[in-house]
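First comes one chain, alone, set out as structure tokens in the form predicted on its own.
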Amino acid sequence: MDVSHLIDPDRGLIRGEIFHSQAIYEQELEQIFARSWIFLAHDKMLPQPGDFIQNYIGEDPVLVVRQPDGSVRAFLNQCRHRGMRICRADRGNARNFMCSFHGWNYGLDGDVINIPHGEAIYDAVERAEFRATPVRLANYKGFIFGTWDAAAPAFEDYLGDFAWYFDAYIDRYEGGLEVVGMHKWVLPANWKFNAEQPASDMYHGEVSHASAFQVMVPPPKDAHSPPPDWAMRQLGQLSNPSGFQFASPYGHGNGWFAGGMPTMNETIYRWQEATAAQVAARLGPERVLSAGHANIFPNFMMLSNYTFRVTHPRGPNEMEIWAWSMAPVAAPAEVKEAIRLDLLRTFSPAGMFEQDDAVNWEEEQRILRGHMARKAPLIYKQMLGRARYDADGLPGRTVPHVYAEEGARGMYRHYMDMMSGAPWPDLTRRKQQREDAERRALAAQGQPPAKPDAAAA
């Protein structure tokens, strides 16, 4: 299906049909999820040989397994015989895996190692034909991503300029991150709502989360005193917003307040304040406050409160969210516990912020059942035409306001590219030519100079 008539990122118009159509959803599984890099695991989730975790690429179950030599492999969690799961546990440690249907046995690397009565009933057991379908993997600072597509760009190229922003979430402290909590839940709404919002929408917070912020403000010392100054300064960012948004040619997006993401947790606030110089020395001063919320296309989102989540598609009208709370390994125990509790109170299934978002997404999905609701294009015009490249010390394409929709427009521009079915080499060439043309046009208007023109080189 050609979706280009439903998406016009240059004019900031998106038709609701892309959130509703079963045919479009089936095309997304083929053209988006089967060809993109998807988050599968973190190194700290698989500390020992034989440790495994089950995850998904789209609706395909995947086993991610630590090998005896310390490397990691992943493969489709499907027996080659009749399609059952090879492993039915979510996580654990194993020496091998056995399908519970007919007993086919697989090694940690996905090779079939035993078939009951195999020599008697098969002329030959071709190991390459019988092995579980492997996943191509990449490990970026402990975060393991996988793709089925051998032609997809290398993961570092896929991240591009977003790597600079990604590091502001995951590489602030020596030792990296570790998991301190996890939650899973299902929502009756399209998966793209929970990709678009972290990629772009900081705008909703002052209205949708107004009650949650008020409830979470620490109490004053007594009935005659105001709330603590530090908390009021945090809230002030919502009513007097400034900041930026980043949009990647590969659909990744990031938005952040100039003063950092507001938090009402004093333990976390004080620790971040105390370690700001340390983070500046590690990443540079401009990245101390450049984390708000972001999404790596298509479905890996992150928040500056150390929430990381994948949004698994479950049909056009349903998503399944897996959220991990990760804390810096270097953080004191009380800070790690504060981070775990902060996720529980904010972005867990019972968290106040998550429930605000869930109500919005469910209502959007319900409204989009209507014919006219899907026909009228939705408006994505905030800061339209204000994008610059490499401005204000920020790599890549940004706009100079936190309340913008540049990240969403970038996401849907890439979504439209992928849904066209064009092969990866054509897509990467198209993106480079598009960026080169934009840089030349901006340079002609006196904007920051363009990088070397790869298309003309």
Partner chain sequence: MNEPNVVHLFQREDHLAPVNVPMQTAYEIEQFLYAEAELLDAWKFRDWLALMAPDVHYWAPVRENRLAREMEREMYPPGTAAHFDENLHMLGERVNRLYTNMAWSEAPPSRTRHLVSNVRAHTTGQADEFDVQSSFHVYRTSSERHQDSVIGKRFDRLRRANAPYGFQIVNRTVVFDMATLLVKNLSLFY
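Positions refer to the first chain, counted from 1. Remember, predicted model here, so these are calculated numbers, not experimental data.
Although it is not shown, the form predicted in complex with the partner chain is what the next lines describe.
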(message) in the predicted bound form, is there a heavy atom of the partner chain that lies within 4.5 Å of any heavy atom of Ala210, even though the partner is absent here?
(response) yes
(request) Give a yes/no on whether Tyr415 approaches the partner chain to within 4.5 Å in the predicted bound form, heavy atoms considered. (result) no
(request) Using the partner position in the predicted bound form, report whether Asn139 sits within 4.5 Å of the partner chain, counting heavy atoms only. (result) no
(request) Give a yes or no for Asp157: in the predicted bound form, does one of its heavy atoms lie within 4.5 Å of a heavy atom belonging to the partner chain? (result) no
(request) Taking 4.5 Å between heavy atoms as the contact cutoff, choose which of Arg91, Arg80, Arg73, Arg85 touches the partner chain in the predicted bound form. (result) Arg91
(message) Can you pick out, from Ala291, Ala387, Leu187, Met202, the residue that has a heavy atom within 4.5 Å of the partner chain in the predicted bound form?
(response) Leu187
(message) Looking at 353-361, 144-152, 279-287, 162-170, which stretch has residues with any non-hydrogen atom within 4.5 Å of the partner chain in the predicted bound form?
(response) 353-361
(message) Need the contact residues for 391-405: heavy atom within 4.5 Å of the partner chain in the predicted bound form, sequence order, or none if there are none.
(response) none
